[in-house]
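The data below hold one chain only, encoded as structure tokens and taken in the form predicted alone.
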């Protein structure tokens, strides 16, 4: 299955609608295509014990792994408190994406100008941590 960037963004936008974020009201959705062409989505889920929440990207990656995916080909991240606005993956999610990315992985996100941008994981997480 081929998933266009627009379809990936739409899937992330749809997932964002299901976010559980009663504390921050910051809704995030993520959608990724794995190495087999399968689509996986996730949304953020907050918790009253605030650090125990989970990010949309982590949820999408967990869904990919559970379904047997090994590598992220493309991932779109959509977030904001009202309308969709600038939202790139947090530092923890950049590391999570890195674990399943390669030099060809594309990360789609809206930057501060309000425009969609394509990033590599190297651009978002230079000199990243990895185990030997």
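Residue numbers count along the first chain shown, from 1. Everything numeric here is computed off the predicted structure, so don't read it as measured data.
One more form of this protein should be noted, the form predicted in complex with a small molecule, which is absent from this view; the next part is about it.
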With a 4.5 Å heavy atom cut-off to the small molecule in the model of the complex, the contacting stretch among 33 to 41, 66 to 74, 103 to 111, 86 to 94 is 86 to 94
Only hit among 117, 14, 120, 24 for heavy atom within 4.5 Å of the small molecule in the model of the complex is 24
Exercise. Is there a heavy atom of residue 61 lying 4.5 Å or less from a heavy atom of the small molecule in the model of the complex?
Worked result: no
